[in-house]
Structures are given as structure tokens and as C-alpha cells.
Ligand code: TRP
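The form predicted alone is given below as one chain in C-alpha cells.
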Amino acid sequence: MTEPIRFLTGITTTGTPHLGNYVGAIRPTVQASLRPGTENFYFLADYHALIKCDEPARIQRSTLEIAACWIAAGLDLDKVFFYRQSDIPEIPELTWLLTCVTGKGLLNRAHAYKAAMDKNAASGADTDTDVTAGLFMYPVLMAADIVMFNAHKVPVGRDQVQHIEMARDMAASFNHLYGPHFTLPEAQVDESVATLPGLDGRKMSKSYDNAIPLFAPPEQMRKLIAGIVTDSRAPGEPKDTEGSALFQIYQAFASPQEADALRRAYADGIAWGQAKQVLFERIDREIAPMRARYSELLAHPQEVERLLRAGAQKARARAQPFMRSLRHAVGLRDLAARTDAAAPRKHDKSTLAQFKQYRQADGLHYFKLVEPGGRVLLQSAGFASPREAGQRIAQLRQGDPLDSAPDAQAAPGVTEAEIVHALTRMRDSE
């Protein structure tokens, strides 16, 4: 039987879902959960929320609202794994195991950490001001979320691709040390997923205070839609759909035929007030049935709690036995259990990568790390003498971190984890 493809998606519990969240994440994941031949894991990332929010009541409320949104939007909890991150104690335990195989140099390159340091540097503050260990370790927790359930695909925006690549590196490092336990995840960037503009035309976001809450009462939603920024063209004047936030929001909800009809109305000079009424009616037609279910869930938080606990039990049925195997792999074992004495791992030298030194026409000396099949893993810059090149090779063989070697870079398409693994196997064979 073919193994199902596992997809995993999480939403951080720090705010009230808005139309942009619905169009960009909630609706696509509900639709995706119905695909045959897949397993789908959806979770509320409340541990991640602690990194950016120190308001307990807000995190609790957001967790309730986001869970209720997903359920109200039609997520079939019998067909998916739906859980709260903090209900899976195996995730923070796995985070520590991954921490122990993750190079600090890899985490130094995380975009969020670098952005925080750059912001401090630009303001003249100490580079680590307000940078918590939680922010620094965020990619490791995210990796644990993903590899705990051996997800194959992780739908993300382009700004999150780096985190999936880092998760691959961590999983590969663990596999190289302890055996093939983890599937290496892949980022899935869906360019067709809509990014909604907000009331002011910028990306809809609570941080810009330009969002329309997904399940706002009808009159509040109507009032917010009436506040969408438009140009000064009067009724009867043709209007452009390009660059129109109102039209882009409508297009995210409408069928192609409905979108074409409004496009023609723009060309015919529809009044902005009328266009906004059309938008309100189209959104409300889709949202109204869900709003009733959402309100019911908010009024009965104990029901949401029951569903999340049931989801956690279902998810832990996978996580617990897997965590036991990982604990055994790293040596966290029953002391009374019989084990063979640890022995140095030896490798057939014909399967090991090798360093090759050579001289180019420019008179400089180079080296590269090459797999038995000829694939280049690491390429050096030029050195003035073969002795200098040899000294650099010796440092790398002894475990010198790659990020301390600007004179030796990974070949295109090669991960740092692959190079570390090749060097580790070389040392083990000596």
C-alpha cells in the first residue's frame, strides 16, 4: 500500500482571525484536508505564541477563536489530526533532541533572528537587546513540530521557506548520527493562494490595524467594508480593477463569472458605495453559515476544549511510540535492558567522501570534498601554498565548524548537514 502524503500546518495563537487568514490559510487547508491519499495535521501553535506575546488572556482567547474558526469553516475532525501544540509533550522533548544536533551557526542565519539584530544595530542598541532565547530557538521548535509527525509537505509563504530548509538540515543531522528516523520535509509554496489587501490597500494584518475580522457581526463588517480606501472617481466614471483593494477582496470570494460581472460594472462606472454593498453581500453569503457555528462554539468553550483534547489523544497515539524509539536511538534507555557495548562506528573507506587538492592555472592551490560518485560537496577558495590548503583540510577533518571557514563553501544544492555528515563519517573511520 502506498504511504499517504502527510501535510502539516500551524497557526500561531496571538490574534483574532481575519478575512486574510481565512482566504490565505483556513479555507485552503479545509479544502486540502479532503484530498485522497493524504494525512493532514493542523495545530494551534501556542508555544510559538509565547515568543511574541506575554499576554496570557490574549493567548487563551486567540486559541479558542482560531480553533472555533477552523471547526466552523468545515474542518472534519474525524479525517484530520487537529490539536493544540502544548497538549503534545513529546514536541518540546523532541525540540531538545534536535537542539543537541543543531549547529549554532545554522540558527545564526535565521531571518527573524538576523532581523532583530540588524534592527538593534541600526538603532545603536546592543545587538542582543530584547532578543530572547525563544526567538533564537524558534526554528528548532518549528522543526520539532514538523518532524514529530514526519510531514512530507509544509504549506508556507515564501518568507517561511528558510524554516523548512532548516528543519531538513536538523532532521538530516539527526539521521546521520542515529539512523534514518525522520522524513526530510519539503516546503510547498502555493503561488495561487490569495494575499488579501486590507482597508488601506496594504496587506491585511492586525499589525497595520487594517483587518476585517472573519466573523464580525454583519453590521460591523458592512461598516468596515464601507471604509475600504478607493479613489475619487464619481458614479458613472469608469474605474480600474487593477490596484483596487475592493476588487481584489471580492475576487478572493467570487466565482470567475461573478468577478467578470463586477469587472464590467467597474468599466460601466459603478458607484463605490454600490460596489462595497456587492462585496459585503458576497462575503456574507459565504461567511454567514459559518458565523452561526463560530458563535455557538465561542459560547461553549468547553466543547472546543473537548475536541482539542480528543485531537491531542489522536496525535499522541503517533507521537508517543515514535518518541520512545527516538529516546532509545540517542541512548535514553532502560538501564536493565540488554544492549551491546558501544563500539566506534567504522565505515568502508570506499563509501567515504575524500578531500582532493589541486592547483589551477591562476597559480593558487584549491581543495574540494568529493563523494565516491563524484558529487562535489565542498569547494575551497584559492590558497597561496599547498601547505595552507592542507592545514585547512586538517581543521575541517578535526571538526572545525563550517561557519568559521569563509574560505570553503558548500557546493550549489548541498546542505550544511550533508557536509557535516560526510566529515563525521571520515572521522569515525579513523
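From 1 onward, residues are counted along the sequence shown. A quick note: this is a predicted structure, and the numbers were derived from the prediction, not measured.
Here the subject shifts to the form predicted together with the named molecule, a form of this protein not shown in this document.
Contact annotation: residue 195 falls outside 4.5 Å of the named molecule in the model of the complex, judged by heavy atom distances. Though the partner is left out of this view, residue 45 does reach within 4.5 Å of the named molecule in the model of the complex, counting heavy atoms only. Within 4.5 Å of any heavy atom of the named molecule in the model of the complex lies no heavy atom of residue 423. Though the partner is left out of this view, residue 16 does not reach within 4.5 Å of the named molecule in the model of the complex, counting heavy atoms only. Proximity to the named molecule in the model of the complex, taken as heavy atoms within 4.5 Å, picks out 141-149 from the listed stretches 141-149, 315-323, 69-77, 260-268.
The listed set 177, 131, 298, 156 contains one residue whose heavy atoms approach the named molecule in the model of the complex to within 4.5 Å, identified as 156. Checking 375, 35, 58, 52 against the named molecule in the model of the complex, a heavy atom within 4.5 Å turns up for just one residue: 52.
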